[in-house]
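Next up: just one chain, as structure tokens, the form predicted on its own.
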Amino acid sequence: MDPFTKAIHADKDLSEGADVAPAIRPSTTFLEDTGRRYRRDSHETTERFEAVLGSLEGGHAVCFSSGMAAAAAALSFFHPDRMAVGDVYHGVRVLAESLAAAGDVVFADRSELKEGDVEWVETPSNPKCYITDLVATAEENRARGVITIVDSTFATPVLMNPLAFGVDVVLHSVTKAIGGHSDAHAGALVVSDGSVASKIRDQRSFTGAVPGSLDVWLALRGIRTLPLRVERSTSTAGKVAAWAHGRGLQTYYPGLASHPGHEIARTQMSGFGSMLALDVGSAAEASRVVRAVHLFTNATSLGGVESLIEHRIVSDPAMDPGLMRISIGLEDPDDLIADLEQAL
């Protein structure tokens, strides 16, 4: 089925009521002999969301309370001796550094990884949208027994399906584009093997990192329109990136031929996504611009219906001083360009 159809119908057989729209299920405990017992172990809305996300990704999804909870669960489940980390979300890097400081994992170059070790990849990466060749990476790692985990939050399952390239695990911060309205907090892991997903789900029950009932209901509602929102925001982002590049700004967007990962992105993505970054040269200028916009909201996070802009160094102290990360929403592209132009 097409992603538009999957997003609406992949969980249809899991409905336990007469409601056309899924009901909010806040109960923490259930009647005995009903097939459910306690919400940490099973929950209809969570299972319905997992069915839709799993269908879109071509695998089996396990939902968590946040993207970082999903990241922590992946590292706990696979428990590698060594780990290679490239250009990834700074929160994942901090998590990995904390594990290394505690002696739970050793940072290594990807060439040094052995069977059971993990390479953590993010593509497009946060915030400069760098691209990793997933086919080559997964093939090389699989030959050595190395586990490939890919954070595909920027791409979403609408634009890229890493499992189809041989990747072992896909991570999503559901809080972002999948939830899509800046009001749901959740994360997810997706794997090809249903038995592995079941074991990860058992671990989630033991650790308690389950999504809240309202959060997962909002995520389920949001994922219904994910293909439509991604299509719109991707189209607009391409126009904004082309304008910025033409204006002479340092622009990071994989849809631009000038981006170093452009050719690989063309082969493994069906679109280039809604995220871009602009570098205006100095912290002072970036700080001024993000406060001079009117339509863009100066806030972190991404993937919502509203366009966001942030001075990235505020969230990630290691980032280039003049870098602004931009998440394109559903507004008119000409209006967004005009807003950036007046701010600049």
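Here the structure is a predicted model, which means the values were calculated and not measured. The first residue of the sequence shown is number 1, and the count goes up from there.
The same protein also has a form predicted in complex with a small molecule, omitted here; what follows describes it.
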Subject >> Whether 122, 153 and 173 all lie within 4.5 angstroms of the small molecule in the predicted complex by heavy atom >> reply: yes
Subject >> residue 297, heavy atom within 4.5 angstroms of the small molecule in the predicted complex >> reply: no
Original post:
Do residue 308 and the small molecule come within 4.5 Å of each other in the predicted complex, heavy atoms counted?
Top reply: no
Subject >> Non-hydrogen atom contact residue 185 with the small molecule in the predicted complex at 4.5 angstroms >> reply: yes
**OP:** Indicate whether the small molecule has at least one heavy atom within 4.5 Å of a heavy atom of residue 251 in the predicted complex.
**Re:** no
Subject >> Stretch in contact in the predicted complex with the small molecule, which is absent here, among 208-216, 137-145, 226-234, 122-130 (heavy atoms within 4.5 Å) >> reply: 122-130
Original post:
Taking the small molecule in the predicted complex as the reference, which of 62, 290, 302, 276 has a non-hydrogen atom within 4.5 Å?
Top reply: 302
**OP:** Answer with one of 280, 313, 68, 51: the residue that has a non-hydrogen atom within 4.5 Å of the small molecule in the predicted complex.
**Re:** 68
